[in-house]
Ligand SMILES: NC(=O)c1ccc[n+]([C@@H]2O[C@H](COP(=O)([O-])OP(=O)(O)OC[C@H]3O[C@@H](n4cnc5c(N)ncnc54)[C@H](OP(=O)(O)O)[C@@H]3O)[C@@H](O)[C@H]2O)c1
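The chain below stands alone and is given as structure tokens, in the form predicted alone.
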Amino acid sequence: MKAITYHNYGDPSVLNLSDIKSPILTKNDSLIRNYASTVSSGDSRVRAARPWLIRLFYGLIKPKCNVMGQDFAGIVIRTAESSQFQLNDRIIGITGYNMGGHAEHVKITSKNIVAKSPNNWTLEESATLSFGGMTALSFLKQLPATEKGKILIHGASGAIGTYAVQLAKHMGYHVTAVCSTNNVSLMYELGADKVIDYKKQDFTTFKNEFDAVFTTVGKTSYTACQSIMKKHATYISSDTPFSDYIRQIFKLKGKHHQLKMGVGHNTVELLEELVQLAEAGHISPVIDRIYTVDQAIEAHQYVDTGHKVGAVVLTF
């Protein structure tokens, strides 16, 4: 990973709002001076319309959204009349399908999923919570409350996976992480009980071993994983391969297994829970590289390699 250089945020109160090229603001809108966002594998897929079905949601011929990005971390420079936030509050949030997180200024309303950033994290670090952290927590929350056995996390070194390892361990699971050779030591640092280097060992050789499987990178499937799962185990996937989509569309359930796939259910409560965990030291950010917005092309090219570790952050 590259050496990380953090941003000097300065004093946002000196900004002249009349100089800001922003969407039309109403009395119910707050405005955030954005300082950091992430470039995720999801951003990469939307940009490249991969798979093609993405075009049905983001534009058949060209993107509906001119500005990429699903999350932001910045400072409040204008508050809505009924806002819970005050000027200069540090805020994190997620734009989701609306995108726009890679803009210098982000408009938010009471309907947006936002929270104050952890008081002991920089905004670059905090930006990793809204997508990677919240997606991981949202899916882990779908596991049965009484199920605290063994969980296998496939794609454990990504933006979602690094948080999934930490959160699952904090929730009481025995965590087995699947990653490449270069990231084995990192997985143990994050709390994994066992690490499988997929370059040296096939994780599917562990028969009837796990109470839950969480795949985060779309490089495996329920069919490949079902033999490693115990009876009545749960399979969750945040990056669902085509074969699993077909299984979901036609409601082809796994034998004795619960299948939970698709997108995470983001809420303010989840984001605030993550902030509390961050402030208490139960989770830590993993940042691979930080790029400036002028280096957005390079950031996407690096994400496209499929070898990033944790999050890639974009600063403004």
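Remember, predicted model here, so these are calculated numbers, not experimental data. One-based numbering along the sequence shown.
In what follows, reference is made to the form predicted in complex with the named molecule, a form of this protein that is not presented.
Taken together, the three residues Gly74, Leu123 and Thr315 lack any non-hydrogen atom within 4.5 angstroms of the named molecule in the predicted bound form. Contact with the named molecule in the predicted bound form, defined as any heavy atom within 4.5 Å, is confined among 168-176, 84-92, 106-114, 217-225 to 217-225. At the 4.5 Å threshold, heavy atoms of Pro285 stay clear of the named molecule in the predicted bound form, well away from it.
Within this chain, Thr79 is remote from the site of the named molecule in the predicted bound form, having no heavy atom within 4.5 Å. A residue is said to contact a partner when one of its heavy atoms sits within 4.5 Å of a partner heavy atom; Arg55 fails this definition for the named molecule in the predicted bound form, lying far away. The named molecule is not drawn, but in the predicted bound form it has a heavy atom within 4.5 Å of Ser180. The partner is not shown here, and in the predicted bound form the stretch 265-303 never reaches within 4.5 angstroms of the named molecule through any heavy atom.
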